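Below sits a lone chain in structure tokens, taken as the form predicted alone.
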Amino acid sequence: MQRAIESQGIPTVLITLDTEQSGLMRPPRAIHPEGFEFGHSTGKPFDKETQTAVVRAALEQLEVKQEPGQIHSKRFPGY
């Protein structure tokens, strides 16, 4: 789906907790919040601070030139 959206000229960023599976799909841009539980890809419920930080980190990837398939791991203190 990400590639279809990108083909229309809309940049996307994948937030993934499964780097192995996501890497096989070679997403155009992706981040991996380290240590997060499945189902909490942007943080725990009601943790607005962490969720905002994850979304900001994902949006920052729109400004970074990346090769498809690169997944940038990032730690978020407090999670």
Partner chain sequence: MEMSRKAIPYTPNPMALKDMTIMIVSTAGAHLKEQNPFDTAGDATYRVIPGDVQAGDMTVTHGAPKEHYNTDEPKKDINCIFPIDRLRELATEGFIKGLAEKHISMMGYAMRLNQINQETAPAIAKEVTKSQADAVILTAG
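Please read these numbers as outputs of a predicted model, since none were measured by experiment. Residue numbers count along the first chain shown, from 1.
Omitted from view is the form predicted in complex with its partner chain, to which the following refers.
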query: Residue 3, heavy atom within 4.5 angstroms of its partner chain in the predicted complex; finding: yes
query: Its partner chain contact at residue 60 in the predicted complex, heavy atom, 4.5 Å; finding: yes
query: Non-hydrogen atom contact residue 55 with its partner chain in the predicted complex at 4.5 angstroms; finding: yes
query: Interface membership of residue 71, its partner chain in the predicted complex, 4.5 Å heavy atom rule; finding: no
query: Residues within 4.5 Å of its partner chain in the predicted complex, restricted to 1-39 and counted by heavy atom; finding: 1, 2, 3, 4, 5, 6, 7, 8, 9, 10, 11, 12, 13, 14, 15, 17, 24, 25, 26, 27, 28, 29, 38, 39
